[in-house]
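First, one chain by itself in structure tokens, the form predicted on its own.
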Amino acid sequence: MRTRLGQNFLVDKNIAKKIVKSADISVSDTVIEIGPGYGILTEELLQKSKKIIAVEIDKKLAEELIEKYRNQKKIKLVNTDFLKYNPPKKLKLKFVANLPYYISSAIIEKILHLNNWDTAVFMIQKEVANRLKSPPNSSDYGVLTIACQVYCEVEKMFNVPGTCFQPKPLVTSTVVKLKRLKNPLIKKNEEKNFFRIVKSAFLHRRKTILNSLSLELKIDKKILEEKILQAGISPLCRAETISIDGFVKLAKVLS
């Protein structure tokens, strides 16, 4: 087993079955599998879905999978980096993957901004899973937390020990399920302003929300203080104490 591109390959078929079961896949579903590797999840997905689009960055692995499934019409292999791939926009999608640890956050951020999916089940590092589900007033609470919870219901499904992989990772993995909200907490035309404010707030975690936003947004402090109070937030609190609803209100008054 090769370890190129930071991938630890799942080898436990029972875990593969549990992951696919968690995605609630039906025979009408099109599933995008990110980083199929040697195809252990692919085998399970083939039994449940209508179609699989498997996106594999490793050329050698992609060639092996293309050969393996050359007579299988339900699967399409794409040899590219998922972060550069444009998923089909006219199909309703589900995502399933054992994500490489080093780009799991980037991949999750990418799919959050897509509109045509309803479920994503990812195996990620336990610490990242904690960030996705974290409440305010926690050191894990941050931009990724807010991004996920603005668009999705986040559920931690189960942990996966290192013994289920080859090579064995030094960390525990967790399977998470993201269910896209029918009505996200922010509208499409509000996204840019909302995330500009959230990212600015967390750039200086030790500073008050007033000082942090003042530094990044270049707004007069007195005006900014009035706006923060208008959103029902104390100007002296820190970003990690502000609820998602609080950030939504703050983005509206600063729009």
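Start at 1 and count along the sequence shown; that's the residue number. Bear in mind the structure is a predicted one, so any value in this text is a computation, not a measurement.
Just so you know, the form predicted in complex with a small molecule exists too; it's not on screen, but the next bit is about it.
Q: Of these, Leu210, Ile197, Ile52, Leu61, which has a heavy atom no more than 4.5 Å from the small molecule in the predicted bound form?
A: Checked against the cut-off, the match is Leu61.
Q: Have a look at Ile103, Met157, Val154, Leu112 for me and say which one sits with a heavy atom within 4.5 Å of the small molecule in the predicted bound form.
A: Among Ile103, Met157, Val154, Leu112, a heavy atom within 4.5 Å of the small molecule in the predicted bound form occurs only for Ile103.
Q: Looking at the small molecule in the predicted bound form, do all three of Asp140, Gly142 and Cys148 come within 4.5 Å of it through at least one heavy atom?
A: None of them does, since no heavy atom lies within 4.5 Å of the partner.
Q: If contact means a heavy atom within 4.5 Å, which one of 185-193, 44-52, 225-233, 30-38 is the stretch that engages the small molecule in the predicted bound form?
A: The contacting stretch here is 30-38.
Q: Evaluate Ala201 for contact with the small molecule in the predicted bound form, applying a 4.5 angstroms cut-off between non-hydrogen atoms, and reply yes or no.
A: Although the small molecule is absent here, Ala201 would stay clear of it in the predicted bound form, with no heavy atoms inside 4.5 Å.
Q: With heavy atoms only and a cut-off of 4.5 Å, decide whether Ile108 touches the small molecule in the predicted bound form.
A: No, no contact at 4.5 Å.
Q: Does any heavy atom of Leu99 come within 4.5 Å of a heavy atom of the small molecule in the predicted bound form?
A: Yes - in the predicted bound form, heavy atoms of Leu99 and the small molecule come within 4.5 Å of each other.
Q: Even though the partner isn't displayed, in the predicted bound form is Thr172 close enough to the small molecule, meaning a heavy atom within 4.5 Å?
A: No, Thr172 sits far enough from the small molecule in the predicted bound form that none of its heavy atoms falls within 4.5 Å.
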